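Presented below, as structure tokens, is a lone chain in the form predicted on its own.
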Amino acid sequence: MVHILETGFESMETSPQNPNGSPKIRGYNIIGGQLKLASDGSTFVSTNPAWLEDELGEFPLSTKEDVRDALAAARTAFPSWAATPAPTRGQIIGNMGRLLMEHKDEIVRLQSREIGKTLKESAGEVQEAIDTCLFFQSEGRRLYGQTVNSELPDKELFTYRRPLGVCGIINACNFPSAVPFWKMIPAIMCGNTCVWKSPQDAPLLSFALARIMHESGIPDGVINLVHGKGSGAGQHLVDAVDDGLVNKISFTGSTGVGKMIGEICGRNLVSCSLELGGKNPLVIMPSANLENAVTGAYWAGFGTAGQRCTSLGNLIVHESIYDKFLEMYMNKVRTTKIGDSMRHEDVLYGSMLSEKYAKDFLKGLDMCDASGAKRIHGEGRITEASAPENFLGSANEGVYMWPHVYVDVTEDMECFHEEIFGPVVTIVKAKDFDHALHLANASPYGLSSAIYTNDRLEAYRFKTGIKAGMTGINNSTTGAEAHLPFGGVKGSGNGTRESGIWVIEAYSYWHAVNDELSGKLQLAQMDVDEIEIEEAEVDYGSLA
């Protein structure tokens, strides 16, 4: 094995310093345990969205040839890794968790620097990656099959879980440490090998995480990392399905791209896991504790600058409490502290993930305005001339957005149905519970959902009537734990799940074994001795 984390993060090759004194990193693909540049020498730069002058590093812009090399390395490593006992695979995964704990502080700061997420949120996300490792370490001793009784004598029936083969892993940059671990840890636990296309906006973090994975003791070729754009390396990875080089695609991202991946996998009968977008509803009913509801709706809408697939989309408020709730909610929105958490304390959210995400968000705001919704807070991108009262720092340094609130939103508006990835909440008025539930189900998505109510019947009717993969009762739309299934329905996914024991179904198949011990051919349903049923004489009249 090539040890590529010899002295922690200090072994990373560095180039000249940034204006803030931090080093620029020379990043690499990791293919078959070897550090590789792009085959044609092309590169791209990772930039801190909270401080645009801060360039973190330069990374390979991977070609089709690079992706094919990574797939070949994964296929070469597969037979040996699949034959490795599951408890041994689990032990290596446990090592990953311990190395993540050892380097947690460095990883947290690196992630916040690369994507602008607050230090507190980054710490929670890295902890989720740790939790995933520790959970699946023990699953190495519980990768159970079954012993099934045969209908014939001297015959044993068994079921086993078998790995699929080579898995292509593509994740978005808003959760760049938790989500790849959600995908790759159960994949390798089941005996698969992986080619991971890192998010374009988080290559340095991905590089560091891949190095930790290798230092944990994983054999070369089991996890291979390629950098690049979604339209480049990502597309090359998906296209390889048509050539029979990929046995599984796991993708987190937009619904449009997910549908394209699903079509390619479908025509090749290749398994795919699709975790896609959301327009997550949160309902506020009259019996709710309004202070608690305001806090939950505020975090759901503006935590991570609204850049979660589980962020609040439509805030559905019962008309009898609408005015009171809106006043309380807007008082909180107006106090929002925004800034770079690496330089300022107690900010709710930081920058957008990148300039690209900022541009897409502004298009979403244009859609809200064109739909006829009424904007009561927010002025687009934060500038020196237009900044909220509690914005900290210099607006020109990074890519920051106001928190936005739209009211008078109705079901016939485009902004009611479409996901807008950023700090914006669209507020809808509901006449009663049935109307609120209808509105919650009316968008084409079904990822997360929530209701605030102290009426237990309403809570029950909501959780049984909502069409979503996840529901919070007196809690926000965001949040997940490493041992719960994560995923959605309708336009939010294809029914597969991340996390917990349920994800094992996505990375393995059932193998049924028929072990004949009798020394002769016995055929089920044909050679079974019939059992004669004797007619019993019953006086039915006496039973009356």
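Residues carry their position along the shown sequence, with the first being 1. Remember, predicted model here, so these are calculated numbers, not experimental data.
Here the subject shifts to the form predicted in complex with ligand UN1, a form of this protein not shown in this document.
### Query
Going by a heavy atom distance of 4.5 Å, is Glu128 a contact of ligand UN1 in the predicted bound form?
Because a heavy atom of Glu128 falls inside 4.5 Å of ligand UN1 in the predicted bound form, the answer is yes.
### Task
Report whether the minimum heavy atom distance between Cys309 and ligand UN1 in the predicted bound form is within 4.5 Å.
Judged by the heavy-atom cut-off of 4.5 Å, Cys309 is in contact with ligand UN1 in the predicted bound form.
### Task
Report whether the minimum heavy atom distance between Gly500 and ligand UN1 in the predicted bound form is within 4.5 Å.
Residue-level check for Gly500: no, no contact with ligand UN1.
### Task
Would you please decide whether Phe486 lies within 4.5 angstroms of ligand UN1 in the predicted bound form, comparing each non-hydrogen atom pair?
Although ligand UN1 is absent here, Phe486 would touch it in the predicted bound form, with heavy atoms inside 4.5 Å.
### Query
Pick from Leu35, Leu56, Ala480, Ala38: which has a non-hydrogen atom within 4.5 Å of ligand UN1 in the predicted bound form?
That would be Ala480.
### Task
Answer with one of Ile185, Val179, Leu437, Leu100: the residue that has a non-hydrogen atom within 4.5 Å of ligand UN1 in the predicted bound form.
Checked against the cut-off, the match is Val179.
### Task
Spot the stretch among 104 to 112, 186 to 194, 170 to 178, 383 to 391 with residues whose non-hydrogen atoms come within 4.5 Å of ligand UN1 in the predicted bound form.
Stretch with heavy atoms near the partner: 170 to 178.
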